[in-house]
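To begin, one chain is listed below as structure tokens, in the form predicted on its own.
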């Protein structure tokens, strides 16, 4: 039970702290914007200096002037937009036997036509014997990182499938994924063989999009990334690396530490505009096949109910190499956000069909228990789990 009366003084402290953060961030954004414009005048030299210095922080790779902004072109019509999302029931140590459940949605819209949409979901039960068929060296325990990685893989697999099924000859298409295309969660499993196998299988799906000529992008809402900020910190000599000379930025001013990329571009971009395209320098991408390396741009998404948000849109290198595809993705994502009042409609619909609600979760557990008991097996759960389901007070 939460006693709100005890939080009043703490909320006062929080309010004061947030006011201080707001003032400091305004100063940081001004300095960051100045650095971005100065960097734009010498961006090839800056990129060369970053490559030579190899700073320890993750620094955005420059591919064009970093202060470039692009207004959205008109979205083509008719157009096919497909999306997937996923949810899961994680392994529960209070339940035996060990398993987890993945549920992935498949959504497809044919805009500008009278064709019916695709709105469905596909569940899949996973357990150790099932996993051993695909991963040579199965982890001793099914960690949340492994479950999340397998869910993302299943999402991408079904996104490719629904794109191929919904594709109409001569009609442009955009495939949208939710979240990042970079496999951050896989590193750190302490099992290099499993890590490499998971990355290889995921990137094989990415390469299949390239081979089929199906442009894919992912949408990251409220990104917490700092790659562009780290680039600006490099220019401002805040990172432990050599700095290009004569870039015209004053060394005086507040440190950019704590500032996020979205804070910078929120003051640079007009509603509906996208930033320059940057390359990610994550070491994870060394395992990505050529052409599937992840690039990204920032998009200022307008909203009728507020200021909107800054989104990060990620896309493979082969898509970036075709400017018309980048324009198509920009226009499509923006139109989807307008339809979804600030968030892509196709992804919102995909989420609704992927989510496993509490009542569905309990129905699944009851079904599993009946099936196991019918087979002469005895599923068990701990007293702790039972007490959570039926509190006595």
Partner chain sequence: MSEREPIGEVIESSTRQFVVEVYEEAESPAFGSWIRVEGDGDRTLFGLVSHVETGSYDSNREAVALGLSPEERAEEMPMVQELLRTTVRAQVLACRDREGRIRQTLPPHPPDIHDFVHLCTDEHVRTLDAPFDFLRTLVEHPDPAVPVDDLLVAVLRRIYEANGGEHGGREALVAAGRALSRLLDDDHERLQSILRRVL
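Positions refer to the first chain, counted from 1. Worth saying up front: this structure is predicted, and the values here are computed from it rather than measured.
Form predicted together with its partner chain: not shown, discussed below.
Participant: Using a 4.5 Å cut on heavy atoms, which of 42, 37, 339, 31 is close to its partner chain in the predicted complex?
Facilitator: Contact with its partner chain in the predicted complex is made by 339 alone.
Participant: Tell me, which of 70, 368, 58, 345 has a heavy atom within 4.5 angstroms of its partner chain in the predicted complex?
Facilitator: Filtering the options by heavy-atom distance leaves 345.
Participant: Verify the contact flag for residue 99: yes if a non-hydrogen atom of it lies within 4.5 Å of a non-hydrogen atom of its partner chain in the predicted complex, no if not.
Facilitator: Outside the cut-off, so no.
Participant: Would residue 112 count as a contact of its partner chain in the predicted complex, using a 4.5 angstroms cut-off between non-hydrogen atoms?
Facilitator: Flag for residue 112 set to yes.
Participant: Does residue 330 reach its partner chain in the predicted complex, with heavy atoms at most 4.5 Å apart?
Facilitator: Although its partner chain is absent here, residue 330 would stay clear of it in the predicted complex, with no heavy atoms inside 4.5 Å.
Participant: Do residue 117 and its partner chain come within 4.5 Å of each other in the predicted complex, heavy atoms counted?
Facilitator: Answer yes; at least one heavy atom of residue 117 falls within 4.5 Å of its partner chain in the predicted complex.
Participant: Please pick out the stretch from 103-111, 283-291, 179-187, 146-154 that is in contact with its partner chain in the predicted complex, where contact means heavy atoms within 4.5 Å.
Facilitator: Going through the listed ranges, the match is 103-111.
Participant: Judged by heavy atom distances of 4.5 Å or less, which residues of 282-299 approach its partner chain in the predicted complex?
Facilitator: Heavy-atom contacts within 4.5 Å come from no residue here.
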